[in-house]
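Only one chain is given next, in structure tokens, and it is the form predicted alone.
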């Protein structure tokens, strides 16, 4: 029966590394196997009637005006099935998607989609974002091609905020809360191994959160057709140990500090007396 595994979509899933990924996979498995069962049931019945009522020269056709019991059955049973799936999935859907269920963040990151790539903003050494387009609507006027997050350069809390593109890093076993938006068209922020897929919409910010239990190197993708370069809108992210993440974060903070520290002025050379003059 190994050949049947070829038709098992669940075996094609990327490895789950998310704390809530198992619940989502279980929900998908239930819907998948119910759909497969209905498929074979429907086409089995269709095949049976094709054979049973195939053409025969001695068979006469007759008009059939339907059966109320059969019609009620195939209306009520799917209604019950869909309602049951909805009730079963409600808890996991709320836990992963509802703003009121987003946990307290161990690390908050802003993510911005663009054609065709991803940009990420970290809060820096002080752990606080400065004024930007996410936390202050009036800062949207500051958004430019060079400043996609609308960062206010005069805000003291934003001096250490640092930016990375098409890659990000997070610590393992931590609640990561991301706020996602887009600078141009609709994109979909997709982390297959994390079981995260969230549309990001220009002009608004969507809540995204996850918690990974396994360090490693994984892929970012866009799951929404966004233009001719959609297929190449990929990136990477690393789930690191707390120690390794702190080292990386410290190095980025040091880079920001070095970039903001004025270069020392060259010291003036002392004047040399001209011995030829008296």
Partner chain sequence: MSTAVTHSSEAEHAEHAEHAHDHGHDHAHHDLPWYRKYVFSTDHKVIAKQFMLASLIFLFVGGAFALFLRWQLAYPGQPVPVIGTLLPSQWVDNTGAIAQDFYYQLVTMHGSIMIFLVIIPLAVGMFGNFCIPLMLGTDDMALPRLNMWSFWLVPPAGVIIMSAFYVDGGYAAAGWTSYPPLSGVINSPTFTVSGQTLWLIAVFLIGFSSIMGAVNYVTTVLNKRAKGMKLFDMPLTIWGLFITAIIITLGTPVLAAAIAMLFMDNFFHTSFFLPDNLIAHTRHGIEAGAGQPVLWQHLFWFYSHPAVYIMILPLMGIVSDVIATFSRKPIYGYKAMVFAIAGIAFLGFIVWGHHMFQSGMNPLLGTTFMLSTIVIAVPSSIKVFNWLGTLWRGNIKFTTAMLNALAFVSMFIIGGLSGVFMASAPVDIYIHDTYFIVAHIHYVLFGGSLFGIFAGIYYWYPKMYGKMLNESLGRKHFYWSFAAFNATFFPMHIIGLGGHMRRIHDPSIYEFLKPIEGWNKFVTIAAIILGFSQLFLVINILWSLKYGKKAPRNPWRANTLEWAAPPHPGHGNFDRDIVVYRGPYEFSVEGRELDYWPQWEPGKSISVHHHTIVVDEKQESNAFGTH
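Just so we're on the same page, rigid core means the largest C-alpha set that superposes within 1.5 Å between forms. Numbering follows the first chain given and starts at 1. None of these values were measured; they are calculated from a predicted model.
Not on display, but discussed next: the form predicted in complex with its partner chain.
- You can rule out all but one of 103-111, 155-163, 171-179, 190-198: in the predicted complex, only 190-198 has residues with a heavy atom within 4.5 Å of its partner chain.
- With a 4.5 Å cutoff on heavy atoms, residue 28 counts as touching its partner chain in the predicted complex.
- Although the partner is absent here, residue 226 is a contact residue: one of its heavy atoms lies within 4.5 angstroms of its partner chain in the predicted complex.
- Proximity of residue 230 to its partner chain in the predicted complex falls within the 4.5 Å heavy atom cutoff.
- Interface residue remark: residue 136 is not counted as part of the site for its partner chain in the predicted complex, having no heavy atom within 4.5 Å.
- In the predicted complex, no residue of 102-135 lies within 4.5 Å of its partner chain by any heavy atom.
- Core-superposed comparison between this form and the one not shown: the C-alpha position of residue 63 differs by no less than 2 Å.
- Shown in the overlay between this form and the one not shown, fitted on the rigid core, is a CA shift at residue 93 smaller than 2 Å.
- With the core superposed, residue 42 shows a C-alpha displacement of at least 2 Å between this form and the one not shown.
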